[in-house]
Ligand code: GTB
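Consider the single chain below, provided in structure tokens and representing the form predicted alone.
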């Protein structure tokens, strides 16, 4: 039997989310915990992210990256997809259900997350612009459009399409990023859906692991 390689993921040395689980390495951690795959982390500073060694792994100088032997991947969605394909537990065995779960992964990143990222840009990078106050309500309304459609589709179901899948993992991860704005509270079924994701033991293990990194490095900087 060939020796199983332990994947290595890169994470923020000091995450800007202050350990709240919003950084994209959290999605990868969660997926690895769901499938029971041990992993190692390599801490990367903001400066090191832009240096040639890291850009060789991630051409855009971001995190996370994933290394497994000769394989190097970037982009959280692609990494989670790779994990889900290689291990049981995140994609259904039925071919049609599997295809639908993958569709939800793409929807999370392409359809749901896009307006949420616009809000973060508007709030944290454009607050001093003269058009900020006029633009912000428009951005929030675009998020409400997406959340309303997602809320209607989920209805009273526990997960989006039967059992929990990588699609739910990605959607929940994206929705966590909008929760600080208060917009998620307007959709009780989505709030409960996110809470179910957070209650999963694998999520808790992943959250505790990334929080421990932040706490250790915060104390080191005091």
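Residue numbers count along the first chain shown, from 1. Keep in mind that what you see is a predicted model, and the values were worked out from it rather than measured.
There is another form of this protein, the form predicted together with the named molecule, and it is not shown here; the text below is about that form.
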Is it the case that residue 17, even though its partner is missing from this view, gets within 4.5 Å of the named molecule in the predicted complex, heavy atoms only? yes
Could you tell me if residue 167 has a non-hydrogen atom within 4.5 Å of the named molecule in the predicted complex? no
So in the predicted complex, does residue 22 come within 4.5 Å of the named molecule, heavy atom to heavy atom? yes
Residue 214 near the named molecule in the predicted complex, any heavy atom under 4.5 Å? no
Pick the stretch from 83-91, 97-105, 68-76, 140-148 whose residues have a heavy atom within 4.5 Å of the named molecule in the predicted complex. 68-76
Out of 42, 196, 179, 50, which one falls within 4.5 Å of the named molecule in the predicted complex, going by heavy atoms? 50
Which residue, 57, 154, 183, 63, is the contact with the named molecule in the predicted complex, using a 4.5 Å heavy atom cutoff? 63
